Structure formats: C-alpha cells, structure tokens
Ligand code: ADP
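Form predicted on its own, single chain, as structure tokens, below.
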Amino acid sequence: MEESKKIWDVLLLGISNNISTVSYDMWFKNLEPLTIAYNKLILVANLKSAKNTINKNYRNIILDEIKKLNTYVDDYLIITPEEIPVYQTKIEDEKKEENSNYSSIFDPNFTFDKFVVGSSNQIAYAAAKAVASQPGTLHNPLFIYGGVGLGKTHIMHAIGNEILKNNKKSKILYCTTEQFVNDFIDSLKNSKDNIENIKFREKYRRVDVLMLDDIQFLSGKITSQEALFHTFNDLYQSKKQIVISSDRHPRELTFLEERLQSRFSSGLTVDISLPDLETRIAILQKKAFFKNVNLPINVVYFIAEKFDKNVRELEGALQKVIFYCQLKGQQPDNIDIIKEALKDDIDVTTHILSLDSIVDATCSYFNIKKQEVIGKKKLKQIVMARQIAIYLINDLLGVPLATIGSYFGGRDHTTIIYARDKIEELSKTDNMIATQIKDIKNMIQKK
C-alpha cells in the first residue's frame, strides 16, 4: 500500500497539471491506490461511472505520466469497491501459481555449508554470502565467472537456497541464458494482442532476484541482448538483485553490446579458478563424509592428484570409486582398488609425480615400510627417511606445508619446516645425504 500510494501521489501531481481543477476534483481526487500487481497500479473508484469516464477521457494522460516515472509500473487498472474481493482473490490465486513456478528450483544439496572454500573460490564465496544475506543492496549485479565444473552453479543455487531460508516469500528466478532467449523468442512468435510479451516481461521483471547462468550463450543474439538490457535496467532501478554467471570475465564478452558489458561490470565481478590440491582434498573429504564413506588419507591424495581439472570430474571419480567398491563388496582402503575402479579414467601405467610416488621411492631406497615413514615411529633411520621424503616433496611439488603435514599423520607445520630445513642444510655439508637425495630423485624420474 505504501509503495502504491507513493507512486500515485507523484502521478496525481502530473495529472493535475494537464486537466482542469473541476475535472481533477470530480474524477481524480477521490481515487485511492490499492496495490501494484503485474506492473499495474490498481486504483479504486467509488462509482462505476467514474471508472468509465476516466478510462474513456483521461487514459492517455495517465499513461503519459506513468511513462515519465520510468519505473517498473507501466499501466493502471481502475476497479470499484465491490470488485475488490474478487480482484484480491484473483491476485492471490495468480501469485500462488506464480510462486509455484519459482519454488523448488534449487538443488537442496547445493548449499553454502556443502561448498568447500579454498584459495580458488574464497572471494566468490564471500561475495555470494553477502548477496544472500542482503539481496539487492550489496554487490549488484554479482558477476561470477570461471571454467566448466568449478562450482558456479553450486554457488548460485546456494544463494537461492539461503535467500529462501531467510525469506520464503522471496521470488527468485534462476534459469539458463538459453531459457531466457527461448522465452523471449516465444514471446515474439506468439505476440497476439501483446499478451505473450506481457507474460515475458512479468516473468523476468516481477522478481526479487534474477539469476542467469551461462551468459555467454547470448553470443550473436542481438535482439535478445536488447531484451536483457531493458530487463536488467528495470530490475536494477527497482533495487532487485541480479546474479550472472559466465565462462569468462565481462571484458572478454566482446560479442555483447558495449552497454551490456558495462552493466555487467558495474557491480562486483569475482572468479572461481581451478582448485589447488588442498582444496581438492577438502572437497573429496567433505563429499565422502556426506556419503558416509570413510576414505583413508592416501586414497584421498591419490584421487585428488589424478583429477585436477575441475570439481565435477573430481566428484565423478569419487562416485565411481564408491559404486565400484559397493559392487565388489570391498572397502575403498587401498590404492590398488582405486586404480582398478578408475582404470578407464586414468592411465595407471604412466607415472605422475605425486606425494605417494615420492614417499614410495624413498621407502624403497631405505627399505622401510611406507606406514612407518608416514607414521609416528621415531627410530633414527625412519626419522631420517621421513625428513628426506618431506624435503623432496617440498622441493619437487611445492605443495603447502599443511598439506604435507596432513599426509604425514597430521604433523604441524613447524615439524614440517624443521624437517625440510634440516635436510636442506645437511645436503650442503653431508655428502652421504646429498647422494641419497640424488639417488632417490633418479629413482623417481625413471619410474
């Protein structure tokens, strides 16, 4: 009511400047705003004769003033008091139908709680959380870009789920850009009496949040770009949240009109890049936890190192391992089983430098069991082999210290730093240590 009255007060001021005082007092003074529905300002006239007279003689004047407002309201409707109950029922029924179209569109598994945060996505995660907490006020539009399978869809669904959790009445439209284009084309094909055009406008503009996935699909679609430009402007001016995803930065969307590129860049642009080893490990551990599967750390490392292109591929590998082990009645507790499960996806005969391969070579060189090296035993020979393995991993792979510590039974980073620095210094003064390091490196390269 407050919004409709505010708009009506502005309209009345303009209307009064275009008609006589007598006409204003007779026909407009007693009109009352009821609500705004489907981009229309709904007004109540006490008499049917007043309704008919205004529509017949003053419609164009009212519409001209509405256009001057430059808001999402683009029409008006006058009803009488006895029509109010019928009209309100109609609005409620249409809202229920409309809300059903916006409900249950987000995957319940795609939440912020289940999104693994790492260096590759932490900024995007923080921005998405901020948008979900205050849609339309922070980071509008939010533009998320990154390669295939890195988590863009997950984070968009997480935004939707979080907003609905905070406010179940929020109207959120999430769709692919392809769907937007198809809807727009349909509105042009079936535009009898402009009904389909109105439906298209109402679908995409009468929302609290619009989320468009894969905006790069607009390439070469000039008319659709025009439609999106006007949709964007209408939503933005109404302080409605806009979230867009793409496979590249807005400045690289050279096929888009410059004004669209400018709009997309006007908010906050964040990227999701390839997850590093630590993040991939965390993803696997969290996914396994939610699936009630216990994966030993060496198995987690093996999968994380083999599948480093995107998160979707990583999750697919985990799912395949789980299915294979269930089928065979085995536990996913050793590398040989994992290699068998993933034999069609990785070349198990080709050597890939990894934490496992370095530790295996070190164990073979010193004739020590792997579990002893990554375990807690403190025999001098085992400790030396462990420290050399830590040094080699840091030297050849350069993985984070926390990752190395986790691999070696959860040791803290100070222990890893001590081992690394000790072997580095000994390699400069102790010929035997230097030779051992060289020999192990040769073993690794020959595998």
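Note that residue numbering begins at 1 and tracks the sequence as displayed. The shown structure was predicted, so the numbers you read here are calculated from the model rather than taken from an experiment.
One more form of this protein should be noted, the form predicted in complex with this ligand, which is absent from this view; the next part is about it.
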Using a 4.5 Å heavy atom cut-off, which stretch among 165 to 173, 218 to 226, 250 to 258, 305 to 313 contacts this ligand in the predicted bound form?
305 to 313
Answer option from P332, G151, P141, P135, heavy atom within 4.5 Å of this ligand in the predicted bound form
G151
Heavy atom within 4.5 Å of this ligand in the predicted bound form - residue from F366, Y236, F110, F184:
F110
Hey, in the predicted bound form, is N121 touching this ligand, heavy atoms inside 4.5 Å?
yes
Using 4.5 Å between non-hydrogen atoms, is K287 touching this ligand in the predicted bound form?
yes
Given that the partner is absent here, does V373 sit within 4.5 Å of this ligand in the predicted bound form, heavy atoms only?
no
At the 4.5 Å heavy atom threshold, is G147 in contact with this ligand in the predicted bound form?
yes
Heavy atom within 4.5 Å of this ligand in the predicted bound form: which residues of 110 to 128 meet that condition, in order?
F110, K114, F115, V116, N121
